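This document starts with one chain, in the form predicted alone, laid out as structure tokens.
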Amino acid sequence: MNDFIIVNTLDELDEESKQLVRKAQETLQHAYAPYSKFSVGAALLLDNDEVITGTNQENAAYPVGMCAERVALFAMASRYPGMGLKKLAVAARNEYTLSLSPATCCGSCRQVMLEFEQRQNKAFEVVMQNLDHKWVKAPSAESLLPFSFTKLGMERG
């Protein structure tokens, strides 16, 4: 179930994953992160090969902001209802550094991602950078949240 691929550098990932991470990185300039100073971008590769991006959007009335992954997923659902998702990539940057910063999907995003996966009845890969600055390619959203809450209120795992 947990067939994660972990590599030391972005260049070691497959071409599709590298391109998607770069798209997520390009969107960082559109993040609104005046409070955390931590910009996050997400890029989704759809079954029709379209790429949808999203960025984190903070708000002074915490926690009403939204993570980049959910912004992108909800935009996908609005623009391409019923379209399948192949892969999601995340890139982040701290305002004080030029290089990418580690960022894995938060629990709320993992839950939303899992439900998207369940709705489409197929897994999608998730690419992100862990705290060791290594790139992780997870085989599915479910692999990131093995004991998830479902619409039936039961645990999975």
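Everything quoted here is computed from the prediction, not taken from an experiment. Residues carry their position along the shown sequence, with the first being 1.
From this point on, the text means the form predicted in complex with a small molecule, which you will not see here.
Think of it this way: in the predicted bound form, the small molecule has a heavy atom of just one of Cys67, Leu28, Leu100, Leu114 within 4.5 Å, and the residue is Cys67. A single residue from the set Asn130, Ser36, Ser108, Gln118 has any heavy atom within 4.5 angstroms of the small molecule in the predicted bound form; that residue is Ser36. At the 4.5 Å threshold, heavy atoms of Ala43 stay clear of the small molecule in the predicted bound form, well away from it.
Heavy atoms of Asn94 never reach within 4.5 Å of the small molecule in the predicted bound form, leaving it off the interface. Contact check for Asn56: a non-hydrogen atom falls within 4.5 Å of the small molecule in the predicted bound form.
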